[in-house]
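Next comes just one chain, in structure tokens: the form predicted alone.
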Amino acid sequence: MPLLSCITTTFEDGALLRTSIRSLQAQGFDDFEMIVVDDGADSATRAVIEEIHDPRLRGIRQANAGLSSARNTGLAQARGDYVCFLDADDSRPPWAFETIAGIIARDDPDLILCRGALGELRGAPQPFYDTPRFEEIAAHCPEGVLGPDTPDAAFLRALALMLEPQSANKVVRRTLVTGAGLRFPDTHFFEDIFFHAGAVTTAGRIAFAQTPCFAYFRRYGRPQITAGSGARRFDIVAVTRMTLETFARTPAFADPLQRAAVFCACMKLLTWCGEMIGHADRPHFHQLTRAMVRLVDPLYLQFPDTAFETLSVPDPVRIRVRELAHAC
């Protein structure tokens, strides 16, 4: 069985999928499989899959059921010791899998969290959004591994919960996926926060890759799934409730800082969606958010006053959390 399984899902990506797959074929490390889940893809995308003759590639076809379902299909079919993800319009630098394999050999982690790069329309790649948090983690955990006996383990795990929940920044031991039942929320968008919180919470040992191992591209000429201003953004409310209710059933919920971290990570996405949604829908969105918060454990709104500073919570998120605390 391969060391790594890299799962890519595709729908109507066309030639962009070719770039993503070629970035995997260019890896300096060879012990991996590529799982491409055709989620009811169009003919142009399917043609790209069929033109690639590589024994490491496994194509799986299903009726269109959405990104979460397609990733769950890939997880069920993965054979590697570790699994990771790469969206069809993103890529990995050629050193990514070699870096990841070195961390696995050295640290035997349950989860690796990786830095990334951000590709804009023009110019050189930029550091990914959560680079400052990775730098903070490196300052508090210079050895790069978080285990049960690591000093300030709860604080470091809280910082890990606050990292961007991007799917490509995670490499997860497959037995952890199956043992903990890690999945993406079927039929929902803004799905990454649910999987991210589950992976960080259940992993015993977490390693941090300070070398960028993926590139996320902002596609201005091609609307991305969560880039619109329509009703799709209401999905974050449901996913937030699922995330908070699932986290509340874990031992980590008893730690006020980790509890604050997962709540603020969800509120960051809710705040962003609330700012991007159409003006006509904003009152309904905020009303639904308040109703959702009233349904989750009230302890989420009880954490130390210093938590905002400790976790470097952005000001818009602080304001939103305080508004919800007052309203609820």
Partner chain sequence: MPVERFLGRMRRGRDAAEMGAPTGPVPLHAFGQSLELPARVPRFLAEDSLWRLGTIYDPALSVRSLPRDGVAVDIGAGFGAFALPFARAFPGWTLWCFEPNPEFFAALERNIAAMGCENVVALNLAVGGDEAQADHARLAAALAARDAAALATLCPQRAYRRDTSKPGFVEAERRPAAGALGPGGSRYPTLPAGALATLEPTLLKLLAPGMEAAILEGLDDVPLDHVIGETWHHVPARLIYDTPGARETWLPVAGAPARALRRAPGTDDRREGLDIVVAMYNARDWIAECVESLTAADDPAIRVRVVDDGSTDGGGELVEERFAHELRVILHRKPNGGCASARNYGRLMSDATHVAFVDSDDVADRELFSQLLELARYTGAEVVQGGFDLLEQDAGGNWHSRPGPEAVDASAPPPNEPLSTMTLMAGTDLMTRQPTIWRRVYRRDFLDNRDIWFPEHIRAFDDLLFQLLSLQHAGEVPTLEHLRLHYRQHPGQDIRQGDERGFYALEMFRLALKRGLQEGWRRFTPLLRSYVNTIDWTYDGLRDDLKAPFLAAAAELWVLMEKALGPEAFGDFPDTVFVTEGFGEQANRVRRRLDGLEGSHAFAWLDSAMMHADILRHMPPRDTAPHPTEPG
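Residue numbers count along the first chain shown, from 1. This is a predicted model, so every value here is computed, not measured.
Below, we refer to the form predicted together with its partner chain, which is not included among the displayed structures.
Shown alone here, Arg290 lies within 4.5 Å of its partner chain in the predicted complex, counting heavy atoms only. The closest heavy atom approach of His53 to its partner chain in the predicted complex falls outside 4.5 Å. Contact check for Gln210: every heavy atom lies farther than 4.5 Å from its partner chain in the predicted complex. Although the partner is absent here, Ser69 is a contact residue: one of its heavy atoms lies within 4.5 angstroms of its partner chain in the predicted complex.
Residue in contact with its partner chain in the predicted complex (any heavy atom within 4.5 Å), chosen from Thr150, Thr131, Gln126, Gln77: Gln77.
The listed set Ala26, Ala47, Met276, Leu299 contains one residue whose heavy atoms approach its partner chain in the predicted complex to within 4.5 Å, identified as Leu299. Listed stretches are 133-141, 239-247, 84-92, 164-172; the contact stretch with its partner chain in the predicted complex is 239-247, by a heavy atom cutoff of 4.5 Å.
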